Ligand SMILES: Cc1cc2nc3c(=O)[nH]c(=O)nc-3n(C[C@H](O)[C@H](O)[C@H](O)COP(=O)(O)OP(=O)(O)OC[C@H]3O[C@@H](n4cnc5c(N)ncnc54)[C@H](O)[C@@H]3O)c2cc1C
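In structure tokens, the next block holds one chain alone, the form predicted alone.
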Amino acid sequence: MTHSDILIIGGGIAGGSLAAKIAPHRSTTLLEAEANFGTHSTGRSAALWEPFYGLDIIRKLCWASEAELITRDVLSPRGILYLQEADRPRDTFEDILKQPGAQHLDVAAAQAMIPILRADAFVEAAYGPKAQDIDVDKLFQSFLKEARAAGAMLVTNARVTAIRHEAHWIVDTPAGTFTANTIVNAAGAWADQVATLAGITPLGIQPLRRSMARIPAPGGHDISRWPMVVSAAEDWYAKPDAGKLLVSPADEDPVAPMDAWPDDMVLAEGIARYEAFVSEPVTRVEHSWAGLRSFPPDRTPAIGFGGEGFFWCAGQGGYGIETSCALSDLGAALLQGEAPSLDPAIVAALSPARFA
């Protein structure tokens, strides 16, 4: 048996970033069920740091992560353009315009940014200049490197099969049995399953499938400086990526925890919605995939203790990468019994105790 102060279950961005922050202070083991770290949601993310979007608490966590993301040199300019249709609700659009620095654009100004936009498809646009691409692999690998350098044990092919508590936690996996004073549930879509194994009440975390297609640059355009573009109705988005264009139907289909794959019909519908806004048709899909965005019922992450020696670090949904720096700092502070740097109101809103 291998004993640690902290045993983190789940080797995605949540577990990896927390391992980097806690390993210098506590002996730490990081377990990953798959053969490679970051196999599921982390490795399939079209990550954007976008502090204008999502719940207010998510925006605050994005801003709180900005300085570290800059220090880690993983951000690059992108911008984001929201398109408002004439006959669709304006709630999201109006909310975006209220954010600091947001710009209200007419159709012509939006076309100047993305020349393939059809003038008859939308009536106005909102531009968020702060949005930036995140180099997910560079960020994630930096966390893993720091965890290893601090002495953490990183173990793959270690899917948890049983958890029990005697004098301490005992966790069985195909890679061996591990013991710890505290276990951290950073298992993403599988977080409720891990809780059940440990005899802890699940939080109701629901995995939602998000599909993605990679298509050639429309019409041969140089799209490297195009912003990400999003329907204000939130039913499709497109984002430049390495000379190609990523297109998603922005789907959120409830599924069981799984190695997700795209639904061809859902993907086709999303591409059709995108095509209705542009003058260049989609001639082929070069690659498609899907990931899982897992949320508690209130769509707010759960960070904190949820039982004796049982710590939640789950429910980040589609915001886990852009908020990872702030959430890992918070997790490390709470695990050490220290006062977090975040506003106490944010800490309380993230606590799993809200479900009690």
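Residue indices: 1-based, along the sequence shown. Because the structure is predicted, anything quoted here is derived from the model rather than measured.
There is also a form predicted together with this ligand; it is not shown, and the following applies to it.
Novice: Can you work out whether A47 and this ligand are in contact in the predicted complex, taking contact to mean some heavy atom pair no more than 4.5 Å apart?
Specialist: Yes - in the predicted complex, heavy atoms of A47 and this ligand come within 4.5 Å of each other.
Novice: So, R148 and this ligand: in the predicted complex, are they within 4.5 Å at any heavy atom pair?
Specialist: Judged by the heavy-atom cut-off of 4.5 Å, R148 is well away from this ligand in the predicted complex.
Novice: A158 versus this ligand, in the predicted complex: is there a non-hydrogen atom within 4.5 Å?
Specialist: Within the cut-off, so yes.
Novice: Given that the partner is absent here, does T300 sit within 4.5 Å of this ligand in the predicted complex, heavy atoms only?
Specialist: No - in the predicted complex, heavy atoms of T300 and this ligand never come within 4.5 Å of each other.
Novice: So in the predicted complex, are Q84, V123 and F277 all sitting within 4.5 Å of this ligand, heavy atoms only?
Specialist: Not one of the three qualifies.
Novice: Can you tell me which of 331 to 339, 6 to 14, 20 to 28, 344 to 352 lies within 4.5 Å of this ligand in the predicted complex, counting heavy atoms only?
Specialist: Partner-contacting stretch among the options: 6 to 14.
Novice: Residue by residue through 317 to 347, tell me which have a non-hydrogen atom within 4.5 angstroms of this ligand in the predicted complex.
Specialist: Result: G317, G318, Y319, G320, I321, E322.
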